[in-house]
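Before any questions on how it binds or moves, here is one chain, the form predicted alone, in structure tokens.
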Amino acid sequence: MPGPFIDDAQIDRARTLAREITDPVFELIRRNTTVSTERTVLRLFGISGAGPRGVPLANLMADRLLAAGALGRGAAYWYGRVLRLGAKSPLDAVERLTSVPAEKLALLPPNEEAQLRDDVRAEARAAVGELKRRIAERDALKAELGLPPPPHKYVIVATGNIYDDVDQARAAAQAGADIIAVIRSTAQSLLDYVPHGATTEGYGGTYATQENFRIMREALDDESRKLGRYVQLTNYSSGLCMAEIAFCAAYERLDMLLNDAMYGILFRDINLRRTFIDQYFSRRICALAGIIINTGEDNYITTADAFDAAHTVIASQFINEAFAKRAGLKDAQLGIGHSYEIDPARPETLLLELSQAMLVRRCFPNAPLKYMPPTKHKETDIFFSHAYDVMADLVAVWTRQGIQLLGMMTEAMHTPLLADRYVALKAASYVHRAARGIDSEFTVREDGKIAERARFVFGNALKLLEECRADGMVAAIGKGRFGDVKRSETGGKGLDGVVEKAADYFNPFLEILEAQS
């Protein structure tokens, strides 16, 4: 395993810089909310159904408040107001608010205002209590059945039909998968609502909905009991509905979520402010639920060269960690992302990839880490592709990755078939078994190529963090420092859903979640 070729003081310096870079962003988060954050508040209160034309009730209520210029006080406040009007249920509350516009509701006397907030806080505590109960069910089953030693083998299903996904997920689990990821329908991250109910017609994947989460979790629980080992489930908490999907995932007992501080900004052109605000609340929910987040730095070296841009991965990982820690996430929940993506035509790529993976492990010794397979340089030679993936399997076990997404030999051709997953799982199981313990048998030379490359990459990462601290996070993104993608603070999708908080903004769930830290 990695020796001390990066000094502790340098790593501490990187963490300090990351905190200083993210501090101004938290001031932005403190001052503002978003329509999606407020919809999450409503979902936490139990408003989860859909109204006319399938529009989610949480959207109907939040949109009405936004149009009235009242969302800045917080959806929880207006939820409390309509309950005082006599609403008997969450659905009744939506109907009353949409029939009695928020701007028409008279101000309450101070004593009634205080009582309203106390009543809503009590309801919020009950809702969080129910959420914790469901999370405890997941954790009890996980403890009963147990998990295999890492790296945990992670494969995807992506049929577009949740019921077909279930069949493929069961087959993958039977073949040895430890984690099932249900890929979302193409461009769902750009939808400013969460579709309702079970879905069967996704394109390139299956819509992330609360009902789809429930269906898959129940199927995997059943399969886990049959296999005598717990099979983990993950989905995507990114895009314009980050926090809403985090709630749905927590409620339906998912184990992991892809959740990155900058992915939506860089690769989906979602507004910078909107993304930073929503990722904070989504990660607060993940912290409560014990959900492991997977960050997205692997994407940087699919748009930029993996050899030249290696330092941007390290810098972003420290920034992602700083955002996550401020949201209450623990080290064990940080599936810090990186990947095996250096051009295979370059000499000594195994040494280079070992160096990068060892450097990530050295910087984040207590995090599970999420290792991605080669994709960028794959073509249609399935035999070479399979050999290429096996090299990533070796690096994963050698550097003690916690989570390994397995590569597919048909990566450049089509969505994986059952047989493709079977071959990938069989090979990874063999390599993980055959090479287990290799990290404790070999020592990295301090004057060797692996150590020298690690020091070089880390030095450049420090320089980038220094630049980000001097110029600011917004300016760094604007200059394309991450993934060679440039974005502006006021560009992208979703800015119209960002709202400045009123002086009396009220969000009892945020109060509870922040108090948990």
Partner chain sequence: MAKPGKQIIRPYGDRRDDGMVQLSFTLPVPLSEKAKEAAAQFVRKMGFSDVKVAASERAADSYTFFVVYARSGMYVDYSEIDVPEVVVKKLGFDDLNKLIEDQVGRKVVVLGACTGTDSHTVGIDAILNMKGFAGDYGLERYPWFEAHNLGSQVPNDELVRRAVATHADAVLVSQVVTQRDVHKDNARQFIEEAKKAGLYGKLSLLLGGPRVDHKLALELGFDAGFGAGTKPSDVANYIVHSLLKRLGKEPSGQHNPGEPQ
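Positions refer to the first chain, counted from 1. Here the structure is a predicted model, which means the values were calculated and not measured.
Heads up, the form predicted in complex with its partner chain isn't pictured, but that's what we're talking about next.
Note to self: The chain here is shown without its partner chain. Which stretch in 200-208, 251-259, 384-392, 238-246 comes within 4.5 angstroms of it in the predicted bound form, by heavy atom distance?
What the structure shows: The contacting stretch here is 200-208.
Note to self: Which residue, 305, 221, 192, 439, is the contact with its partner chain in the predicted bound form, using a 4.5 Å heavy atom cutoff?
What the structure shows: None of the others qualify; the residue that does is 305.
Next item on the list: Quick one: from 159, 232, 333, 320, grab the residue that has a heavy atom within 4.5 Å of its partner chain in the predicted bound form.
Entry: Going through each option in turn, the one that passes is 159.
Note to self: At 4.5 Å by heavy atoms, is each residue in 154, 273 and 488 next to its partner chain in the predicted bound form?
What the structure shows: No, the whole trio is out of contact, none within 4.5 Å by any heavy atom.
Item checked: 4.5 Å heavy atom contact, residue 268 and its partner chain in the predicted bound form -> Contact check for residue 268: yes, within 4.5 Å of its partner chain in the predicted bound form.
Note to self: Considering non-hydrogen atoms and a 4.5 Å limit, does its partner chain approach residue 89 in the predicted bound form?
What the structure shows: No, no contact at 4.5 Å.
Check: Is residue 426 close to its partner chain in the predicted bound form, meaning a heavy atom pair under 4.5 Å apart or at it?
Finding: Contact check for residue 426: yes, within 4.5 Å of its partner chain in the predicted bound form.
Item checked: Exercise: residue 349 in contact with its partner chain in the predicted bound form, heavy atom 4.5 Å -> Looking in the predicted bound form, residue contacts with its partner chain do not include residue 349, since no heavy atom lies within 4.5 Å.
Notebook entry, point to check: Using a 4.5 Å cut-off on heavy atoms, what residues in 165-197 are near its partner chain in the predicted bound form?
Noted result: Going through 165-197 in order - heavy atoms within 4.5 Å of its partner chain in the predicted bound form - the hits are 167, 171, 174, 175, 186, 187, 190.
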